[in-house]
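Given next, in structure tokens, is a single chain: the form predicted alone.
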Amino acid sequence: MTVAELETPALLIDLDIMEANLARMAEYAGAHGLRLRPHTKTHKIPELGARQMALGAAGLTVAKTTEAEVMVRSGTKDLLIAYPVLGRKKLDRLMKVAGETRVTVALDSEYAARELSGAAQKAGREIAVLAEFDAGLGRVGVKPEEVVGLARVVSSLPSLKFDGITFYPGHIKQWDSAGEVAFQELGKLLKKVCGESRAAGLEPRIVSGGSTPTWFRSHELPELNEIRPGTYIFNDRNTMKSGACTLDQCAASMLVTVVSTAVEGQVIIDGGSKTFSSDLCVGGGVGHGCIPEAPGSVFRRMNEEHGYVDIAGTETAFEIGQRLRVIPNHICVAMNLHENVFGIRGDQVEKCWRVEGRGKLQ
């Protein structure tokens, strides 16, 4: 099948670019002695998780128990659930996953630790735990000075093993002066947290962090020994804006069709909020994606099935029936909207992947 034969909207993955992205990250991690445990929230496809493992990843990362149930099919020998697991049904399902592969859970409360301990003890499993602290995003994680207390609780509970410390530097989105300062402060904070843990006799075997916007600077954090980037496999407009990739390193694009030119200065494409992520562009950029073949155009707004593209700033000519490729702002959420995605090489469709991890919210 050729790309021209696909119905639109369709999510395309350029296999040459994806493979280069995977190799680049694997080489970087290997060169700097970093464990790579990629977050699979981006691709949500076990086969791609298996590719990451084949390239040397130490394991894979997910957020939810249902995602773990899907990603264990990749054959990973190590699975991190980077999210507190709460509720009996979720914990019971997680214990079944722990019967198939080594499971680590990140958490930030004594409550979550005790819940996990009870489920693990009942199932006869040992679960590794990473104590999570807030590195600056203000989302989850205990205060840095509370890490030792949380680690002590974990170490005291049956069927749990304190395995280290985790954080997410999601507050560093761009490498401007503010981003640079935040990164330097992160290094100091990480050194302090790890030092306090060691002084308390709680050696963090794993110090896990990282994101796609910060991946290429991870080796500058001497305490860090594991990174969990996710978006890097495909990249997107926000990754470009962060400075972590270039346009020619964006593997994912949305193939859409121009369905109307009725309004002057505007075209309508057949992809709206049911096709693209509604995430805004980092750094104050406008629009819901960029159209490389029409520089100066702005994908300004969306309804469910309609994408409004302002063409007043471009000299590109548009016709009804014309096909365009749009690089979305945030590919991870866009993947969750599609049942199938297509791996292409040139104008040939080589793969049709079912997005097995989509909609796995529990």
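We number the residues from 1 along the sequence you see. As the structure is a computational prediction, the values presented were derived from the model and not from experiment.
One more form of this protein should be noted, the form predicted together with a small molecule, which is absent from this view; the next part is about it.
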The small molecule: the contacting residue among G287, P204, G141, G230 in the model of the complex [heavy atom, 4.5 Å]: G230
Answer option from T76, T212, S253, N238, heavy atom within 4.5 Å of the small molecule in the model of the complex: T212
Close approach of R325 to the small molecule in the model of the complex, 4.5 Å, heavy atom: no
K64: touches the small molecule in the model of the complex, heavy atom cutoff 4.5 angstroms: no
Partner proximity in the model of the complex: A82 to the small molecule, non-hydrogen atom cutoff 4.5 Å: yes
Any non-hydrogen atom of Y168 within 4.5 angstroms of the small molecule in the model of the complex: yes
Among 204 to 212, 95 to 103, 183 to 191, 270 to 278, the region lying within 4.5 Å of the small molecule in the model of the complex by heavy atom distance: 204 to 212
